[in-house]
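This document opens with one chain alone, in structure tokens, the form predicted alone.
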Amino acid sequence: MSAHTKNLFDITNKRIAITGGAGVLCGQMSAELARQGAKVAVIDFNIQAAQALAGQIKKDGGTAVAVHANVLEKEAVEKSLAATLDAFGGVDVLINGAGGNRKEATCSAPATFFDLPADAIRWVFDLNCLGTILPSQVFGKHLAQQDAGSIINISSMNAFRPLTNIAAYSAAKAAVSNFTQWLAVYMAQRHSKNVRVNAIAPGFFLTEQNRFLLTDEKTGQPTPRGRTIIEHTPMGRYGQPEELVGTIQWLISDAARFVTGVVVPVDGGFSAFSGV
């Protein structure tokens, strides 16, 4: 790789705010991006987890700050922006990593779709969709004013191919993908052609949220659902959290400076495989 090509991917001193930054996947992003020289604001509702991760990043020689925020409260998000600006003097990148599902919003037997409670569905939509929109409003306004920056949303394979049982989560992540495209066009046409908006759509990664849906808690062997996923992933395995970082780094670097409004699958081929 030439020095010029290496420089295209360089993110040294990029100031990156990551919501849900202490979670399994985004925690790995926080740590890996810091290793690449970025300054990372680990924004999380669980401030203890954020502090622990930021402390480890600093111990490893990186730059990080822990910031508390509830992404469903705009005032709290505004305070997280202020804290990031205070720590780093600016923000170059927002990664909207906060999200998740709720057992009560799934229709695994014996529950059916017809019985899903509205408050559980609303919780999933709020966390994934509103929890992406509100930080994008707050941090996006700052990026537009400085006429530079990047927003990365976290969609899901569910937005490409809805999975059984998780109706609310699939629909909410589809909304995130749609919003990503909408915001990319809006920012470029109305505010700044130098603020790009993209998303990644992770395939299947083992997290604390899904571990015992995909593996048997007692034996560690794949559950029937886990076996189906592996069988439909051409690469034949789950992804490793650090395998998301290369795509993230590309999207926020100058190597992707003409890329906006895309949702990139990182899925081991799952979305490309028809099953036969």
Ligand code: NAD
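Just so we're clear, the structure is a prediction, and the values are computed from it rather than from any experiment. The first residue of the shown sequence is 1; numbering continues from there.
Below, we refer to the form predicted in complex with the ligand, which is not included among the displayed structures.
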Heavy atom contact within 4.5 Å of the ligand in the model of the complex, the stretch among 142-150, 105-113, 190-198, 122-130: 122-130
The ligand contact in the model of the complex: G100, any heavy atom under 4.5 Å: yes
Partner proximity in the model of the complex: C26 to the ligand, non-hydrogen atom cutoff 4.5 Å: yes
Partner contact for A69 in the model of the complex: the ligand, 4.5 angstroms, heavy atom: yes
The ligand contact in the model of the complex: F204, any heavy atom under 4.5 Å: yes
Position in contact with the ligand when the complex is considered in the model of the complex, options T247, N46, T228, Q56, heavy atoms within 4.5 Å: N46
